[in-house]
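Have a look below at one chain only, the form predicted on its own, in structure tokens format.
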């Protein structure tokens, strides 16, 4: 049930910044560039933008409706909306996904602090590409340093969470998001001044339609859901702090467009630099932690540019970790009637313990696998390929078939104050189109389609 006297964001700007911060993360600056590089450049970008607008945007509106209408955590939200036994527990999928993502995402987030430190200390200077690879493998596989950075990252997150919705989450988003966009623009300008900028921009923005395949389409759909934080309880939790006057369609569109803009700007930073130094754009996940430090090393003032890039990456990671943490914290706080501080402490401690095991699983425990995967990879696989697409599909079916149509329309239009001409199509989308498309993504991601 909705919580009495529940906290809320204090301004529309705070709502936008916090929601964009939840969406913007490693998926935009780390995952999007290597997905684009591996899937044809401009062709992938075109399909990705279509997927974001046609699927990501309406799904975000759906999660915003659930959160604001119930003003509860993800688990409590579904219990407030239905009495049907199976569907009442749907919120657990999102909360579980958020917790498991935190287990490995916080580890990678800690890596960004390591590279900020290396840039400041000059440790990135004077190395070859092979040395960068060897150093990354040695660092990520070591015992102490990754866990130390994990702890520091979680302490920062914990302090923001216990400060509350307005003083913690909203205020931190209000200074982190402008700083993130400022660094993005500065790095874009620097990248565009490189001799290889033209080739990089052509790769990113000039689509080769012959490269569009079913695999590219499904990869773009999967990236859209991952980037927008759909299916992990984050948007449901954040929207539960929206005021009743919040324009849900307009807010969802703003968040969708800004999140997509960050991904495109990340591509503008990376691909001109990659082409300038003759590096293949299909480098994959190592693009950020191995390839880019090698590129920065070859630039004048390379350590300075590396510092700003990894600061950008750390800010993006932090805003996402905050939203994931808050999704789990809100559930623990409200379902078990704990204070925010105690609930956050339980979550931070549990995530730290899981993160330690995840970090060690790619180091000294690398030989110990489950289903052929280390715990780190298993957490990634379970959340991105199973829980998030499955949760998104079930949310669409739930809202499309079980939620009263008038209730949905009244809430999305603020009792008729907002015009929504495409509402009938929106309902059809939730009932039929989205579940089928998401099912295709799900089957593709687990290798059955």
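In this text, all values refer to a predicted model and were calculated from it rather than measured experimentally. Residue numbers count along the first chain shown, from 1.
The same protein also exists as the form predicted in complex with ligand TRP; that form is not shown, yet it is the one meant from here on.
Only one of 28, 392, 62, 36 comes within 4.5 Å of ligand TRP in the predicted bound form through a heavy atom, and that residue is 28. 388 is the sole member of 396, 47, 388, 66 with a non-hydrogen atom within 4.5 Å of ligand TRP in the predicted bound form. Residue contact check for residue 23: one or more of its heavy atoms lie within 4.5 Å of ligand TRP in the predicted bound form.
Within this chain, residue 101 lines the site of ligand TRP in the predicted bound form, having a heavy atom no more than 4.5 Å away. Heavy atoms of residue 324 reach within 4.5 Å of ligand TRP in the predicted bound form, making it an interface residue. Interface residue remark: residue 73 is not counted as part of the site for ligand TRP in the predicted bound form, having no heavy atom within 4.5 Å. Contact annotation: ligand TRP lies within 4.5 Å of heavy atoms from the stretch 224-232 in the predicted bound form, the single such stretch among 339-347, 114-122, 181-189, 224-232.
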